[in-house]
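This document starts with two versions of one protein chain, written out as structure tokens and named structure 1 and structure 2.
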Structure 1
């Protein structure tokens, strides 16, 4: 698990292409803001960023294009969609002592605004490509890439914790809490013991507004929220122990069924704090019919839901859901993290 090296020259211009996976939050969203832990998992959908030296600055993606002759523009004046990559380009050139520029071009397999970590993956891949093409990324320098990626993401999302960028850079599964930061989940033996299906509601959400709504619920229902947070902390602790040991406590049915039941329980907490809606509830109800259990992943109010299946059952479950009109896919765990090629 971790970043892997390799270099690909394109047309002799020394172009580097880096890629990084998206992510889902398995458990703990929202409650992590108030002291609980969260569990994140990198998935096998990626963002690819190519980098090459150039005379000016050019950033291209399906979300827009930015061209300028120098780094004189303040990052705050750049469109928020492209601001993180502009920060990466500017900072990488500064670190390399380069007065010219750099070109960054983005191709993404992850839908934006769906809660699957497209922004974080873009920042991780962009930082890795820019640092490497400018000679500032020797070997497996995960720390430099993760720092630059987290700083870049905060230019557009000031409250970003860095957990998403850590999951994308490292791959696999991690835990995160605001006090201790992230830590890799390392299983004692065997595979993950479960499969995932991701289903997109098609509703794009504003994370900050949903977080603000949860804060309002906490202010108006302090005792209930405290109890929900306590139960969520216990649930995440149990899940973490299961993921590390690979054997559910007092449960002969297996890892996937235990995770599915915990997902359904976690969903009830998320519904209570108001981050679900009729579309998500309907989608989750159908997912529960073909899986061990499902829940919102990420902020809620839209975006995606995830469902737990047996390791060899995710493709069949995804096909069943797709036949009923769901925009969904089977998601493998990405253990490679950020790569350059």
Structure 2
């Protein structure tokens, strides 16, 4: 069975397929690593993981293949790209008391290293598929999948806040902070009140090294970083109130335009901590010209930026941006989170 037709077909042979959405961070990336709150939104691009019981361990994805006979290897000795899935396979088998192996096949609609949560979605779908195929189906919203996915992600990126795996597991819009965990943002009325366009700079980043760079900034500018974190927390709290109530802060402006202004403010904080660059600045400047405002999403240093539009304005804005040569798409919000079949 080829990867393309194989990953999503459960084939009735006990094979399980789970899928989980990517995400964008609307507000709060990087500061969330140090305890501030962030707002995330799952998007309609998915990673699918097929799981089946097998004699040995086999993991296949676009990023590489791993085959071994037993779990004798320590996860730390596995290529970081496949390490989280190896950890999931090993841990799920240990929990199920299974000494034979498991096969995990990955198919992704999300480019890696673009800030759209491909590795988190892979961990979430991988954990859900592995737990379910081994007879431990905790339900996709339950803590076990999220916990295993966050733990797996930390085998490759120890300082991960856990925000990305939570958004992918749950779907919809959430707030997240390291101490209290996640809370769903449920609007009191209507749809989200905004549209989203995602544009890819084409520059690939390594989240861990960008987070390491920010840590360097924090060490060399402790007071400034603290002040920026305080401002970011205030911004996230104001945005959360707006998203929950659906009422713009001043009645003259709509939700989307308020979010756009906050995005531009958030972008100025991200620039200050050093995660923007000339290409992202140029793309963001262009997007600002015909949307309500834009910012980096995710780690930065490359990857994607998002722009806020009116709810019915995203297709037009994406077409406009594409006509200027940008690799972009209008992103829908995914409300299903992780699913299994």
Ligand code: MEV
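Just so you know, these numbers come straight off a predicted model, no measurement behind them. Numbering follows the first chain given and starts at 1. Rigid core: the largest C-alpha set superposing within 1.5 Å between the two forms.
- Structure 2, rather than structure 1, originates from the form predicted together with ligand MEV.
- Relative to the superposed rigid core, the position of the CA of residue 158 differs between the two structures by less than 2 Å.
- For residue 81, a C-alpha deviation below 2 angstroms is recorded between the two structures after rigid-core alignment.
- A displacement of 2 angstroms or greater separates the C-alpha positions of residue 32 between the two structures, with the rigid core held in common.
- CA movement of residue 220 between the two structures equals 4.2 Å, with the two forms superposed on the rigid core.
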